[in-house]
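First, one chain by itself: the form predicted on its own, in structure tokens.
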């Protein structure tokens, strides 16, 4: 089986990108005994805009269809012309699978299905199907209605796209067609996030999407079967990070928020609508209750209600504690956290505001940041990863003068803190997942090159498997050996055991002779007699013959008897007969003796055997060429 991964780079310095500068879907192809292209169209040594095409056993599956939050031009969407320049994508894709609702994994979906053209099935979990269109519409409003951008999908396109979605249940095997099957596993990360196991015949791939191996205040930890896929494609956002204690992180977060409030400052926490927002809201709600604090906490208008609705609806996707206490108390109905109105940003006095989106690249969080950035009393806490090009990424890298729209400059005087409440697996979690799934090969995506290189070395050293980290624009090839399951008939096994000898070592291979029959796409190894019977064929005898010259002064009958005696002493456990017709038989092997016409002391031995006893026949011919031992009667 050959696997190739290819992706193409883009130049972030150009504002009017050519086709070659746009990012391109990763294509990862699996095909037994054939060379097939695999390409990556995003998240190759880069975080975000995940879009991977897997070709396995002749089936083409797109994994995620994300957009890049750091671009405002054509580069934010994948360039699907690298899959096909002629015709709709429907002709080339068997299905599309979306791992979760974050826009860097689903943001280009309406563009792909409605503007490029794809009418096939799109699979995602029930929570993702419910939440995805809301986030897509929110982003469309910011991009089109507020910024006035064109070449963007419409509200109707989002609705038409979602009509093509088929919801997945966890641990449910879904037959996409007669050969392709997929199965979703719990990934933690955000509500509804799933890892997916894709299988065609004996070939398989696991795609993790984004996942978290550590349970938190509202979600459980990711889990998968020991499915031993040919390739595990894993995110590697925190490839070199081993996080400190979650309890210590929470304590530092609460301390910084409390200190800022005490000195009369305002705290901005940019978050995405669902996920870390709920995690930190639960944390602050509990702290405010315990400390009896009066400073207001606000959350972006409308999103709290939507979040509550979906967490109630999909309570089975939360962690065990929330599921147990849900009947007595809904953890998502907050007493201290109120809906935010944009006029509140100018209110005097301390406050805490959760605002979307999480990377300060647009929307309400960016508007509040502009208002509060000039006051050193204030603080912005970035609780998750920020991709390159966003305001969040710039301020985390120490930039204190920001060029905003219209060439205006913004001085950043407020305190900037990064506290990772990100729901991505760290290096320890990635290694834990590899131990869980036991893949034959590893592919790292959705990470930064230097960090991925470090983790790649660790994986290869600890697990002795090949690990790849394709960049955008790079093609890699992975060769694997598919295992073909074969049933063995009970009669054949019994016959092998009846031949005697030591019991087979389970760790060592053992040769078995039989006939391989294919029936209804399954293989079975049976005895030749059973095969003839099942197929209604007549048996043809094939025998091998061999001549051996032997020096022996005795008469032909005496020589034959001496051979019989010698073989009886050497071959224990075999049926050896001296027959009245002047032959010796060992199993199916017949031995005859005649004298040479020129020299009566030179005996010519004729050995004949069937193909079943080929090994034994070869052994006897070699043995008799050495001559008979002296002293034989």
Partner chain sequence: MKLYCLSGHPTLPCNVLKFKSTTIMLDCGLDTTSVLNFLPLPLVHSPRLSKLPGWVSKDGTVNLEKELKECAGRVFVDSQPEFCLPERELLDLSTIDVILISNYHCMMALPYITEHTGFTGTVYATEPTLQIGRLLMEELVNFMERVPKAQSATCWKNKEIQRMLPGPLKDAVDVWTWKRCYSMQEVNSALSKVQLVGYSQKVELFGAVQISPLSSGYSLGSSNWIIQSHHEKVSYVSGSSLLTTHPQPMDQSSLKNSDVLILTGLTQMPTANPDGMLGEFCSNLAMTIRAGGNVLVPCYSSGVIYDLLECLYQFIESASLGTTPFYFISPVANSSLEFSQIFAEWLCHNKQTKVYLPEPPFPHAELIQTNKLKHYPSIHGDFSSEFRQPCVVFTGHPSLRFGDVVHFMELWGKSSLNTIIFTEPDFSYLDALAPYQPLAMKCVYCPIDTRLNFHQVSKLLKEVQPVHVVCPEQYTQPPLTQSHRSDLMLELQPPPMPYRRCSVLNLPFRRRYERVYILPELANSLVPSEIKPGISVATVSAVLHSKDNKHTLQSTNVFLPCLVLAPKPLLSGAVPLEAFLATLQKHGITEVKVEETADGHILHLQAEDTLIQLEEDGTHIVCDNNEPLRTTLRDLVLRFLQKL
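Numbering follows the first chain given and starts at 1. Just so we're on the same page, rigid core means the largest C-alpha set that superposes within 1.5 Å between forms. Please read these numbers as outputs of a predicted model, since none were measured by experiment.
There is another form of the same protein, the form predicted together with its partner chain; it is not shown, and what comes next is about it.
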item	value
Candidate stretches 136-144, 542-550, 358-366, 559-567, one within 4.5 Å of its partner chain in the model of the complex by heavy atom	542-550
Contacting member of 376, 534, 403, 177, with respect to its partner chain in the model of the complex [4.5 Å, heavy atom]	534
Of 154, 169, 347, 84, the one that lies within 4.5 Å of its partner chain in the model of the complex (heavy atoms)	169
Partner contact for residue 150 in the model of the complex: its partner chain, 4.5 angstroms, heavy atom	no
Partner proximity in the model of the complex: residue 441 to its partner chain, non-hydrogen atom cutoff 4.5 Å	no
Its partner chain contact in the model of the complex: residue 468, any heavy atom under 4.5 Å	no
Proximity of residue 94 to its partner chain in the model of the complex, heavy atoms at 4.5 Å	no
Site test, 525, 530 and 609 vs its partner chain in the model of the complex, non-hydrogen atom cutoff 4.5 Å	yes
Those residues of 104-132 which, in the model of the complex, come within 4.5 Å of its partner chain by heavy atom	126, 129, 130
Large Cα move at residue 154 between this form and the one not shown, threshold 2 Å, rigid core	no
Did residue 92 shift 2 Å or more between this form and the one not shown, C-alpha, core superposed	no
Displaced residue check between this form and the one not shown: residue 524, CA, 2 Å or over, core reference	yes
